[in-house]
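To begin, one chain is listed below as C-alpha coordinates, in the form predicted on its own.
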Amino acid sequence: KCGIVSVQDNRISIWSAGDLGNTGLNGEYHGEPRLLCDIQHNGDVMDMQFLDQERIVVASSTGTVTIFRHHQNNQTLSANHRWDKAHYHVDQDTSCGGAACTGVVCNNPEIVTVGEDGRINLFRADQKDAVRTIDNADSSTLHAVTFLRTTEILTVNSIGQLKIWDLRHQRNEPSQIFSLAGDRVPLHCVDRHPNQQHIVATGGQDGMLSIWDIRQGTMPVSLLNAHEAEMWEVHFHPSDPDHLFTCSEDGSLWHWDTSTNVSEKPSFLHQGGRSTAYLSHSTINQSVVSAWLSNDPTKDRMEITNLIPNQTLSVNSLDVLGPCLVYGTDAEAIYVNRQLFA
(Lines give C-alpha, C1' and ligand atoms only; values in the text may rest on other atoms or scores of the structure.)
Protein backbone atom coordinates (compact mmCIF):
# COMPACT_ATOMS: atom_id res chain seq x y z
CA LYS A 1 0.00 0.00 0.00
CA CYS A 2 1.16 3.52 -0.67
CA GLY A 3 1.30 5.94 2.23
CA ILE A 4 0.66 9.65 1.94
CA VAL A 5 3.91 11.54 1.59
CA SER A 6 4.17 15.27 2.06
CA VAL A 7 5.82 16.73 -1.02
CA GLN A 8 8.21 19.61 -0.67
CA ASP A 9 8.16 22.34 -3.26
CA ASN A 10 11.44 21.58 -4.99
CA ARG A 11 12.55 23.74 -7.89
CA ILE A 12 15.03 23.82 -10.76
CA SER A 13 16.57 27.29 -11.00
CA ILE A 14 18.72 29.07 -13.56
CA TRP A 15 21.00 31.76 -12.11
CA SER A 16 23.26 34.35 -13.62
CA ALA A 17 26.44 34.90 -11.63
CA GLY A 18 27.31 38.13 -13.44
CA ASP A 19 30.66 38.95 -15.00
CA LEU A 20 34.27 38.68 -13.88
CA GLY A 21 34.49 42.33 -12.91
CA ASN A 22 32.87 41.89 -9.54
CA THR A 23 35.45 39.84 -7.66
CA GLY A 24 37.17 40.73 -4.43
CA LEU A 25 40.79 40.15 -3.51
CA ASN A 26 40.19 36.57 -2.42
CA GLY A 27 38.24 35.58 -5.54
CA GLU A 28 34.84 35.76 -3.88
CA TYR A 29 32.14 37.07 -6.16
CA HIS A 30 30.69 40.33 -4.83
CA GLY A 31 27.99 41.00 -7.40
CA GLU A 32 24.53 39.76 -6.59
CA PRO A 33 23.70 36.48 -8.42
CA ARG A 34 20.42 36.89 -10.26
CA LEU A 35 17.67 34.31 -10.44
CA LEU A 36 16.70 34.19 -14.13
CA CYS A 37 13.89 31.63 -13.90
CA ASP A 38 12.77 28.52 -12.06
CA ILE A 39 10.25 25.69 -12.35
CA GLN A 40 8.70 23.20 -9.95
CA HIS A 41 10.22 19.72 -9.74
CA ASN A 42 8.52 16.64 -8.28
CA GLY A 43 10.73 14.83 -5.77
CA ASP A 44 14.25 15.63 -4.61
CA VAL A 45 16.75 16.62 -7.29
CA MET A 46 19.32 13.82 -7.11
CA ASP A 47 21.52 14.89 -10.02
CA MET A 48 21.41 17.13 -13.08
CA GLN A 49 23.51 17.87 -16.13
CA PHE A 50 23.30 20.11 -19.17
CA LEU A 51 22.56 18.14 -22.33
CA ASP A 52 23.36 21.18 -24.50
CA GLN A 53 23.18 24.97 -24.22
CA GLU A 54 19.42 24.97 -23.65
CA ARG A 55 18.46 21.61 -22.14
CA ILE A 56 19.08 20.23 -18.66
CA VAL A 57 18.52 16.58 -17.68
CA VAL A 58 17.32 16.13 -14.09
CA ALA A 59 17.17 12.95 -11.98
CA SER A 60 14.41 12.70 -9.35
CA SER A 61 13.99 10.72 -6.14
CA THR A 62 10.66 9.58 -7.62
CA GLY A 63 12.56 7.67 -10.34
CA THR A 64 11.50 10.05 -13.09
CA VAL A 65 14.00 11.64 -15.49
CA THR A 66 13.05 15.01 -17.02
CA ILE A 67 14.58 17.19 -19.71
CA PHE A 68 13.93 20.87 -19.00
CA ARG A 69 14.42 23.50 -21.68
CA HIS A 70 15.73 26.95 -20.83
CA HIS A 71 14.12 29.51 -23.16
CA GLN A 72 16.72 32.26 -23.16
CA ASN A 73 14.64 34.71 -25.21
CA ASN A 74 12.06 35.13 -22.45
CA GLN A 75 13.89 33.52 -19.49
CA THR A 76 11.52 30.68 -18.75
CA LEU A 77 11.92 26.96 -18.09
CA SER A 78 9.60 24.26 -19.40
CA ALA A 79 9.50 20.48 -19.17
CA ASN A 80 10.62 19.32 -22.60
CA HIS A 81 10.44 15.55 -22.13
CA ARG A 82 9.81 13.18 -19.25
CA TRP A 83 10.50 9.49 -18.67
CA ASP A 84 8.17 8.61 -15.79
CA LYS A 85 9.51 6.06 -13.32
CA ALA A 86 12.59 5.30 -15.37
CA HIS A 87 13.67 3.67 -12.10
CA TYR A 88 11.27 1.58 -10.00
CA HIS A 89 11.40 -1.14 -7.36
CA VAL A 90 8.61 -3.54 -8.19
CA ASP A 91 6.22 -2.47 -10.89
CA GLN A 92 6.54 0.57 -13.11
CA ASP A 93 2.75 0.84 -13.34
CA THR A 94 1.91 1.12 -9.64
CA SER A 95 1.38 4.61 -8.28
CA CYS A 96 4.17 4.47 -5.71
CA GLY A 97 6.82 2.03 -6.87
CA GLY A 98 9.41 4.57 -8.01
CA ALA A 99 13.05 4.12 -7.02
CA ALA A 100 15.33 7.14 -6.81
CA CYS A 101 17.30 7.96 -9.95
CA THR A 102 20.68 8.64 -8.34
CA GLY A 103 22.82 9.67 -11.30
CA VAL A 104 22.62 11.00 -14.84
CA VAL A 105 25.29 11.63 -17.49
CA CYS A 106 24.84 13.15 -20.96
CA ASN A 107 26.67 12.86 -24.24
CA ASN A 108 24.18 14.56 -26.56
CA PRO A 109 21.85 13.07 -27.73
CA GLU A 110 22.50 10.14 -25.40
CA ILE A 111 21.56 10.15 -21.72
CA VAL A 112 22.46 7.39 -19.24
CA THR A 113 20.75 7.08 -15.86
CA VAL A 114 21.35 4.83 -12.84
CA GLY A 115 19.28 4.28 -9.73
CA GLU A 116 18.57 2.73 -6.37
CA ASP A 117 16.97 -0.16 -8.23
CA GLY A 118 20.32 -1.24 -9.72
CA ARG A 119 19.00 -0.43 -13.19
CA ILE A 120 20.86 1.31 -16.05
CA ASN A 121 18.87 3.18 -18.73
CA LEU A 122 20.14 4.52 -22.03
CA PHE A 123 17.88 7.22 -23.49
CA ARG A 124 18.10 9.43 -26.54
CA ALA A 125 16.81 12.96 -26.16
CA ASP A 126 14.67 12.65 -29.30
CA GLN A 127 13.11 9.24 -28.51
CA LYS A 128 10.10 8.49 -26.34
CA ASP A 129 11.21 5.11 -25.04
CA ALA A 130 14.51 3.92 -23.61
CA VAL A 131 16.99 2.77 -26.26
CA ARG A 132 18.32 0.17 -23.83
CA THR A 133 17.62 -0.91 -20.26
CA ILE A 134 19.78 -3.24 -18.20
CA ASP A 135 17.25 -4.27 -15.56
CA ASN A 136 19.41 -6.15 -13.09
CA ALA A 137 22.68 -4.39 -13.78
CA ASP A 138 23.47 -4.39 -10.08
CA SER A 139 22.09 -6.14 -7.02
CA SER A 140 22.90 -3.05 -4.94
CA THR A 141 22.24 0.67 -5.34
CA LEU A 142 24.07 2.37 -8.21
CA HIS A 143 25.18 5.77 -6.92
CA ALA A 144 26.82 7.47 -9.91
CA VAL A 145 27.66 7.08 -13.59
CA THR A 146 29.99 8.74 -16.09
CA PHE A 147 31.09 8.12 -19.66
CA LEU A 148 34.44 6.39 -20.10
CA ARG A 149 34.28 6.60 -23.89
CA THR A 150 31.44 7.23 -26.35
CA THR A 151 30.16 3.66 -26.03
CA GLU A 152 31.34 2.78 -22.52
CA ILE A 153 30.19 3.92 -19.09
CA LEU A 154 31.53 3.62 -15.55
CA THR A 155 29.25 3.00 -12.56
CA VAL A 156 29.90 2.88 -8.80
CA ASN A 157 27.73 1.05 -6.28
CA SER A 158 26.98 0.65 -2.59
CA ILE A 159 29.29 -2.35 -2.12
CA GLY A 160 32.53 -0.66 -3.17
CA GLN A 161 32.57 -1.71 -6.83
CA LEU A 162 33.54 0.22 -9.96
CA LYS A 163 32.20 -1.36 -13.15
CA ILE A 164 32.71 -0.74 -16.86
CA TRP A 165 29.79 -1.35 -19.23
CA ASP A 166 30.14 -1.53 -23.02
CA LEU A 167 26.83 -0.37 -24.46
CA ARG A 168 27.63 -1.89 -27.86
CA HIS A 169 27.31 -5.38 -26.39
CA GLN A 170 23.83 -6.78 -25.92
CA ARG A 171 24.74 -8.95 -22.95
CA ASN A 172 23.72 -7.36 -19.68
CA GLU A 173 27.02 -7.91 -17.90
CA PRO A 174 29.82 -5.45 -17.10
CA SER A 175 32.96 -5.85 -19.19
CA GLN A 176 35.15 -5.24 -16.12
CA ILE A 177 34.65 -5.13 -12.35
CA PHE A 178 37.00 -3.38 -9.92
CA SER A 179 36.53 -3.33 -6.17
CA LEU A 180 37.89 -1.98 -2.94
CA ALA A 181 39.63 -4.61 -0.82
CA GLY A 182 38.39 -5.49 2.65
CA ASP A 183 35.36 -3.56 3.85
CA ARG A 184 32.95 -3.05 0.99
CA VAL A 185 32.66 0.71 1.55
CA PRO A 186 29.89 2.29 -0.58
CA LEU A 187 31.21 4.45 -3.42
CA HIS A 188 29.22 7.65 -4.00
CA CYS A 189 30.96 9.42 -6.89
CA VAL A 190 33.18 8.81 -9.92
CA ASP A 191 35.03 10.88 -12.52
CA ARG A 192 37.53 10.03 -15.19
CA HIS A 193 40.60 11.99 -16.22
CA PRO A 194 39.63 14.09 -19.29
CA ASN A 195 42.84 13.33 -21.22
CA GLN A 196 44.02 9.99 -19.85
CA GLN A 197 40.84 7.97 -19.82
CA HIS A 198 42.40 5.03 -17.99
CA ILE A 199 42.74 7.17 -14.84
CA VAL A 200 39.56 7.16 -12.75
CA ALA A 201 38.85 8.77 -9.37
CA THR A 202 36.14 7.64 -6.93
CA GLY A 203 34.98 8.76 -3.49
CA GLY A 204 32.95 6.95 -0.91
CA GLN A 205 31.23 6.77 2.42
CA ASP A 206 34.49 6.77 4.40
CA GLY A 207 35.69 10.00 2.74
CA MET A 208 38.63 8.27 1.04
CA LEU A 209 39.76 9.25 -2.46
CA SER A 210 40.58 6.23 -4.62
CA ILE A 211 42.58 6.50 -7.85
CA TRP A 212 42.22 3.59 -10.29
CA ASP A 213 44.14 2.61 -13.43
CA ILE A 214 41.58 0.60 -15.36
CA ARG A 215 44.29 -0.88 -17.61
CA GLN A 216 45.67 -2.93 -14.76
CA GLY A 217 44.52 -4.89 -11.74
CA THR A 218 41.14 -4.82 -10.06
CA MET A 219 42.01 -2.64 -7.08
CA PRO A 220 42.81 1.08 -6.70
CA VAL A 221 46.35 2.23 -7.47
CA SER A 222 46.14 4.69 -4.58
CA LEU A 223 43.93 5.14 -1.54
CA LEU A 224 44.22 8.63 -0.16
CA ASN A 225 43.02 9.73 3.24
CA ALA A 226 40.67 12.60 2.63
CA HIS A 227 37.48 13.72 4.31
CA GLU A 228 36.12 12.84 7.74
CA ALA A 229 32.70 11.85 6.35
CA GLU A 230 31.06 10.86 3.05
CA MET A 231 32.61 12.24 -0.12
CA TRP A 232 29.70 13.41 -2.26
CA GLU A 233 31.45 14.52 -5.47
CA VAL A 234 34.82 14.25 -7.19
CA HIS A 235 35.78 16.21 -10.32
CA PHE A 236 38.96 16.50 -12.34
CA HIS A 237 39.36 20.01 -13.71
CA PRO A 238 38.13 19.59 -17.33
CA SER A 239 40.97 21.53 -18.98
CA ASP A 240 43.66 21.29 -16.28
CA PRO A 241 43.35 17.74 -14.89
CA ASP A 242 46.42 18.00 -12.65
CA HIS A 243 43.82 19.60 -10.37
CA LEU A 244 41.07 17.59 -8.70
CA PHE A 245 38.24 18.73 -6.41
CA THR A 246 36.28 16.80 -3.80
CA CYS A 247 33.50 17.81 -1.39
CA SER A 248 32.09 16.14 1.67
CA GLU A 249 29.43 15.79 4.33
CA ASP A 250 32.07 17.06 6.77
CA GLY A 251 31.74 20.58 5.32
CA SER A 252 35.06 20.69 3.49
CA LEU A 253 35.94 21.14 -0.18
CA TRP A 254 39.45 20.06 -1.13
CA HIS A 255 41.63 21.12 -4.03
CA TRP A 256 44.17 18.40 -4.88
CA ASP A 257 47.05 19.81 -6.93
CA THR A 258 49.60 17.50 -8.62
CA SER A 259 50.92 20.18 -10.96
CA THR A 260 53.95 21.06 -8.84
CA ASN A 261 56.79 19.06 -7.44
CA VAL A 262 57.03 20.05 -3.83
CA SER A 263 59.78 19.46 -1.33
CA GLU A 264 59.96 16.29 0.73
CA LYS A 265 57.13 15.92 3.26
CA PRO A 266 55.73 12.89 5.04
CA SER A 267 53.60 10.85 2.68
CA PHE A 268 50.06 9.77 3.44
CA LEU A 269 49.82 7.64 0.33
CA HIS A 270 49.07 3.98 0.86
CA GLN A 271 49.36 1.58 -2.02
CA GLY A 272 46.52 -0.79 -2.74
CA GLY A 273 45.23 -1.26 0.78
CA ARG A 274 43.32 0.53 3.49
CA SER A 275 45.46 3.00 5.31
CA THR A 276 45.87 3.39 9.02
CA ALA A 277 47.38 6.88 8.93
CA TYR A 278 44.93 9.72 9.24
CA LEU A 279 45.23 13.10 7.61
CA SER A 280 44.43 15.64 10.28
CA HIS A 281 43.17 19.10 9.36
CA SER A 282 46.41 20.64 10.60
CA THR A 283 48.31 18.89 7.80
CA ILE A 284 45.92 19.71 4.96
CA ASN A 285 48.08 22.47 3.55
CA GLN A 286 51.19 20.33 3.52
CA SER A 287 51.98 18.63 0.28
CA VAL A 288 50.82 15.13 0.85
CA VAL A 289 50.65 12.52 -1.85
CA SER A 290 52.05 11.56 -5.22
CA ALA A 291 50.92 12.40 -8.75
CA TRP A 292 47.87 10.40 -9.83
CA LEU A 293 49.56 7.15 -10.85
CA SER A 294 53.01 7.44 -9.34
CA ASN A 295 54.02 4.25 -7.56
CA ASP A 296 56.90 6.00 -5.87
CA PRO A 297 55.49 8.41 -3.29
CA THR A 298 58.87 10.09 -2.84
CA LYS A 299 59.10 11.23 -6.47
CA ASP A 300 56.24 13.66 -6.72
CA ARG A 301 54.05 15.47 -4.27
CA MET A 302 50.53 16.72 -4.19
CA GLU A 303 49.33 19.88 -2.50
CA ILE A 304 45.97 19.78 -0.80
CA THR A 305 44.05 22.87 0.23
CA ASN A 306 40.71 23.06 1.99
CA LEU A 307 38.97 25.87 0.10
CA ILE A 308 36.34 26.45 2.79
CA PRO A 309 38.15 25.92 6.11
CA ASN A 310 35.40 27.26 8.39
CA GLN A 311 32.46 25.50 6.80
CA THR A 312 30.49 23.12 9.04
CA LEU A 313 27.48 22.07 6.98
CA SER A 314 27.69 19.43 4.23
CA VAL A 315 29.02 20.49 0.83
CA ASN A 316 26.70 18.49 -1.42
CA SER A 317 27.75 19.38 -4.93
CA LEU A 318 30.49 21.12 -6.88
CA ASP A 319 31.39 21.98 -10.44
CA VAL A 320 34.47 23.54 -11.94
CA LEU A 321 35.18 25.28 -15.26
CA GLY A 322 38.13 27.47 -16.14
CA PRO A 323 38.92 29.71 -13.14
CA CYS A 324 35.45 29.18 -11.61
CA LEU A 325 34.36 26.84 -8.86
CA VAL A 326 30.68 26.58 -7.89
CA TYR A 327 29.44 24.61 -4.90
CA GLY A 328 26.23 24.16 -2.94
CA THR A 329 25.83 23.39 0.76
CA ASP A 330 23.24 22.43 3.36
CA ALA A 331 23.13 26.12 4.28
CA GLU A 332 20.83 26.39 1.23
CA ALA A 333 23.46 28.59 -0.40
CA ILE A 334 25.39 28.45 -3.66
CA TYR A 335 28.93 29.79 -3.64
CA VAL A 336 31.00 30.99 -6.59
CA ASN A 337 34.80 31.25 -6.45
CA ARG A 338 36.08 32.90 -9.64
CA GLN A 339 39.82 32.89 -9.01
CA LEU A 340 40.73 29.28 -8.40
CA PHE A 341 44.29 29.59 -9.62
CA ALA A 342 45.00 33.14 -8.50
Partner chain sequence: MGLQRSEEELAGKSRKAQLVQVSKNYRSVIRACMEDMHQAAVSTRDPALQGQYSTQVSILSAMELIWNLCEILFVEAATAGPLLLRLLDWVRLHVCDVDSMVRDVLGSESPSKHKLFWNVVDIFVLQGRMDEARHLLSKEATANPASMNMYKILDDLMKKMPVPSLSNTQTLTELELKWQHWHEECQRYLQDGTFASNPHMESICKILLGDEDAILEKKELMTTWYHFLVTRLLYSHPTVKPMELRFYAQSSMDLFLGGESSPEPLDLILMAAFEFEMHQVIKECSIVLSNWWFVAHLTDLLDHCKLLQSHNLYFGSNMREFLLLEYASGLFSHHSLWQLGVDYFDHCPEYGRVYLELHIERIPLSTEQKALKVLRICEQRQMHEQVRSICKIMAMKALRNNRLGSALSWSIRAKDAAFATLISDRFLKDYCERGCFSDLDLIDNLGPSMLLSDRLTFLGKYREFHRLYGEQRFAEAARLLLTLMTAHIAPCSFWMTLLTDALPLLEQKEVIFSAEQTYELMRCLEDLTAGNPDKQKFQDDDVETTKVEMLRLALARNLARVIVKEGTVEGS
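Here the structure is a predicted model, which is why all the values come from computation and not from measurement. Numbering follows the first chain given and starts at 1.
This next part talks about the form predicted together with the partner chain, which is not shown.
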*What is the one choice in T133, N80, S179, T146 with a heavy atom within 4.5 Å of the partner chain in the predicted complex?*
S179
*With the partner chain left out here, work out from 113-121, 192-200, 208-216, 148-156 which stretch has heavy atoms within 4.5 Å of it in the predicted complex.*
113-121
*Looking in the predicted complex, any heavy atom of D183 within 4.5 Å of the partner chain?*
yes
*in the predicted complex, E228 touching the partner chain (heavy atom, 4.5 Å)*: yes
*Mark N42 yes when one of its heavy atoms lies within 4.5 Å of a heavy atom of the partner chain in the predicted complex, and no otherwise.*
no
*Verify the contact flag for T76: yes if a non-hydrogen atom of it lies within 4.5 Å of a non-hydrogen atom of the partner chain in the predicted complex, no if not.*
no
*Residue by residue through 121-152, tell me which have a non-hydrogen atom within 4.5 angstroms of the partner chain in the predicted complex.*
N136, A137, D138, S139, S140, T141, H143
